[in-house]
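There is one chain below, alone, in structure tokens, taken in the form predicted alone.
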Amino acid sequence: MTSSSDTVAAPAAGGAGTADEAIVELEGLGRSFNGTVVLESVDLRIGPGEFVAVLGHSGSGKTTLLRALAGLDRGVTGRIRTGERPAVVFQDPRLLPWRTVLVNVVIGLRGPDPEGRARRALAEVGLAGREQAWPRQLSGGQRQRVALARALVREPDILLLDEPFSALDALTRVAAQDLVNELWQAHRPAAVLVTHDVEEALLLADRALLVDRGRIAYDEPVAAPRPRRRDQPQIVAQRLDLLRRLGVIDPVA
């Protein structure tokens, strides 16, 4: 999907890759609600297969940015070019409670053998054999796995994750993070994860962005090589830096 408020093509700023390679190019992106500026002059480029995590305080503009990338907000200004096949996984799995797991994944799916593709996607997220279950019969983590299957079966070129683990308990959250990492490695869409969890961002992403008062205040690659561990020195150091920038710990600590 491509949308723009400017008919003149211009190079986007930030990130790696050329303009032709980029899945996402934002230039001067802005958004206001009732006179309150939520996003201001955001420039961003995301390459194919790149995983970007977006951090920031509540109200900083993170989710507004993700909605713009998903094509869900027609009120943004500036130049925006995003994926042609976006898929979104929200905090709430948004499953239809009166439909089975399989039907929830198949709904709206086009192309040959949609049911077979949905079954394979469910198997990939560890839910083989649960196709005929009702959403109420699943745990919160399992429902979020269905949402991931529903997104990935559509073969997105950009996967947008809006705090998808926030409602999960600590152990389920770790398992869900590992699953997203495995699925991303296998399918390699560009991915944008909105999260409040600095450690989560550094374990999963290639780049970490910090949004502050509607602007990108920090855009740096994650220093640690993959596969990553929470105790890697690069993860520990970058986590402390980001927590200081977020004001969670004392800047001189």
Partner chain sequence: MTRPSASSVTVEPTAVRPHQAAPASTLSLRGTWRRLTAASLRWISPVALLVGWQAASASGLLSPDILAAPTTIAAQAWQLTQTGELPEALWVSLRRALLGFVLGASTAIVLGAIAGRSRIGDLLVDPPLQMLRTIPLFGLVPLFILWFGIGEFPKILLVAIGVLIPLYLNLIAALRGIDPELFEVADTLRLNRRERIRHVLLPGALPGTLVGLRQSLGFSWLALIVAEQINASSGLGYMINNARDFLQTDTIVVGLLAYAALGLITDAIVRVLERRALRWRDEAAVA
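What you see is a predicted model, and the numbers here were worked out from it, not measured in a lab. Positions refer to the first chain, counted from 1.
The same protein also has a form predicted together with the partner chain, omitted here; what follows describes it.
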### Interface segment, criterion being heavy atoms within 4.5 Å of the partner chain in the predicted complex, picked from 118 to 126, 165 to 173, 148 to 156, 179 to 187
148 to 156
### Task
Could you confirm whether Val88 comes within 4.5 Å of the partner chain in the predicted complex, counting heavy atoms only?
yes
### Query
If you check in the predicted complex, is Val76 within 4.5 Å of the partner chain, heavy atoms only?
no
#### Entry: Any non-hydrogen atom of Ser139 within 4.5 angstroms of the partner chain in the predicted complex
no
### Query
Can any non-hydrogen atom of Pro97 be found within 4.5 angstroms of the partner chain in the predicted complex?
yes
### Task
Check each residue of 49 to 84 against the partner chain in the predicted complex and list those with a heavy atom within 4.5 Å, in sequence order.
Arg67, Leu72, Glu84
